[in-house]
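First comes one chain, alone, set out as structure tokens in the form predicted on its own.
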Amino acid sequence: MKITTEAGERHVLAVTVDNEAGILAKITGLFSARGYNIESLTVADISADHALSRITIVTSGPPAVIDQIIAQLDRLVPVHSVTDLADGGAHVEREIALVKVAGSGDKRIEALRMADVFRAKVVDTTLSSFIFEITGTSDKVDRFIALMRECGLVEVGRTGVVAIARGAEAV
């Protein structure tokens, strides 16, 4: 099956669901069965009684495809709401990455200098490597990782995008 990568806008979908076994598989199955691509996916428990979870999905596509995805998600039984944060006005989104860089001498100094510019924190260090923690937009994280390739990038772990609408109202 070919995954659809039609040109289109990037959308951040906030999906509130019952916190039950199999719901994530249903949602990802909906995307894969129709050939839609998920660029990022995060899940978090959002209620004190652990009854609800929020799934944040980043996907791209033309408006008609995004509308179809939202309609199909809305039809799933354990889904309470689907909100396209990109359409809903201003929102804040962040991603966290752990970036391991190995090197010595000038490469090591340059990695520290670039980390300072990007406000990345050193969370672990040895005589031959660093692990940096960087938080920001996906573009910022991507740029940092690209620069670290020149300094001896070894490994990257990313959380995926988390997002929330601005303002006093809940989604």
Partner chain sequence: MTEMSGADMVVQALVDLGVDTVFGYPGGAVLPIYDALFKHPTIKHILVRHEQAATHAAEGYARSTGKPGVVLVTSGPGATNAVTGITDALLDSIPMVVLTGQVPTTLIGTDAFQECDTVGITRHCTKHNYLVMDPDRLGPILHEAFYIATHGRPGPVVIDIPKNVQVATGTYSIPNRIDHKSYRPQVDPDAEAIAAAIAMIAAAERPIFYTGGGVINAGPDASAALRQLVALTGAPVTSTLMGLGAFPADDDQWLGMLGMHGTYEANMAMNRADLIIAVGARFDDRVTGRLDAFSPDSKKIHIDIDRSSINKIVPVDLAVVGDAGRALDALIAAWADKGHKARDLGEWWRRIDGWRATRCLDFPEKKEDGAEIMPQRAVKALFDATRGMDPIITTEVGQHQMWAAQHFHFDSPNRWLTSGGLGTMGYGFPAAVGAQIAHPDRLVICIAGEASLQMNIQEMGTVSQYRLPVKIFILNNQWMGMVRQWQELTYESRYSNSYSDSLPDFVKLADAYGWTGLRIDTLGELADGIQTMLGTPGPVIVDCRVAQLANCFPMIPSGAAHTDMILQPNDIVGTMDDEAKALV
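Source: prediction; values computed, not measured. Residue numbers count along the first chain shown, from 1.
Omitted here: the form predicted together with its partner chain. The next part is about that form.
| said: The chain here is shown without its partner chain. Which stretch in 41 to 49, 108 to 116, 25 to 33, 134 to 142 comes within 4.5 angstroms of it in the predicted complex, by heavy atom distance? | reply: This holds for exactly one stretch, 25 to 33.
| So, in the predicted complex, is residue 94 in contact with its partner chain at a 4.5 angstroms heavy atom limit? | Residue 94: no, not in contact with its partner chain in the predicted complex.
| Using 4.5 Å between non-hydrogen atoms, is residue 70 touching its partner chain in the predicted complex? | Answer yes; at least one heavy atom of residue 70 falls within 4.5 Å of its partner chain in the predicted complex.
| Should residue 90 be classed as touching its partner chain in the predicted complex when contacts are defined as heavy atoms within 4.5 Å? | No, residue 90 sits far enough from its partner chain in the predicted complex that none of its heavy atoms falls within 4.5 Å.
| For residue 100, is any heavy atom within 4.5 Å of its partner chain in the predicted complex, or not? | Taking the distances in the predicted complex, the answer for residue 100 is no, it never comes within 4.5 Å of its partner chain.
| message | Is it the case in the predicted complex that 85, 166 and 169 each bring at least one heavy atom within 4.5 Å of its partner chain? | response | The answer is no; none of 85, 166 and 169 reaches its partner chain.
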